[in-house]
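Okay, so here's just one chain, in structure tokens, the form predicted on its own.
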């Protein structure tokens, strides 16, 4: 019995060590973050709009210059608990003003905080992981030009075991990747750009792709719609399958992103209002590329 007890203790210790190693937050190599503080703010504004940063981090309903005040606070209710968008303004105490460019890049591409903890994937770094480091650097340069907002962050309201961030290391092993989802033939620059904007900064898959029981995106059903993350209604299917937008042309999709009107002259509604307003601020060539990519998606029926 003593030998069995000792063996069980050793196995438990070994399992704990393996878990600790496997779930360790993985930072970017210093060569990747070397130019993180050398971005261009003018180019960064495009990434800011593509990423829709104001939609979650500005005050609800903010318009005009107020949408650039990123004090956070938006509550996102999910099956795993309620997450609160943090203050990402340049305030040094309550925001991210004390961060370095490398800190920001590690947050965006790896979901790792300056303190070396995993961020919850309510922050869509699973999409941002597909962004180019130079675009992250540009975004960081732009973020530093925004108004300082002194506003304390709200704590997430999560039940056990979801308060244990360390376990997210295993989740990331399954779902965090910098590889594109949809294969595109080389040489089609417009489709490549559209894929980048949709799968990366635009993080469209975070809402339009169904998730499994542990909150991971089911990429086999990419952008085919599914239950709304907050549990109310459904997110539309963007493919040409049954229940999707197969009747829309590339021009229809681009016009919708610019104007907020569907081919049937319905107006955009719900949480898509904020997304459409952000997309309207992009260059027309970006909207055209997004539309071309969406139109080229493999057809999947709504479920």
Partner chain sequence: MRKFLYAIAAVGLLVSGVAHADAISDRKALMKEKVGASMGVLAKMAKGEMDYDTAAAVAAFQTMNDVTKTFGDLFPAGSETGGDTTASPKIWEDMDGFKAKLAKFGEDTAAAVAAAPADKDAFMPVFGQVAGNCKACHEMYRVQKN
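Numbering follows the first chain given and starts at 1. Please read all numbers here as calculations on a predicted model, not as lab measurements.
Beyond what is shown, the protein has a form predicted together with the partner chain; the following relates to that form.
Asker: My question is simply whether residue 246 lines the interface with the partner chain in the predicted bound form - judged by any non-hydrogen atom within 4.5 Å.
Answerer: Although the partner chain is absent here, residue 246 would stay clear of it in the predicted bound form, with no heavy atoms inside 4.5 Å.
Asker: Would residue 268 count as touching the partner chain in the predicted bound form under a 4.5 Å heavy atom rule?
Answerer: Yes, residue 268 is a contact residue.
Asker: Although the partner isn't part of this model, could you tell me whether residue 259 comes within 4.5 Å of the partner chain in the predicted bound form, counting any heavy atom of the residue?
Answerer: Output for residue 259 is yes: heavy atoms within 4.5 Å of the partner chain.
Asker: Looking at the partner-bound form in the predicted bound form, is residue 276 within 4.5 Å of the partner chain by any heavy atom?
Answerer: Close contact exists here: in the predicted bound form, residue 276 approaches the partner chain to within 4.5 Å, heavy atoms only.
Asker: Using a 4.5 Å heavy atom cut-off, which stretch among 268 to 276, 37 to 45, 50 to 58, 24 to 32 contacts the partner chain in the predicted bound form?
Answerer: It is the stretch 268 to 276.
Asker: Between the options 233, 167, 180, 116, which residue brings a heavy atom to within 4.5 Å of the partner chain in the predicted bound form?
Answerer: None of the other options qualify; the answer is 233.
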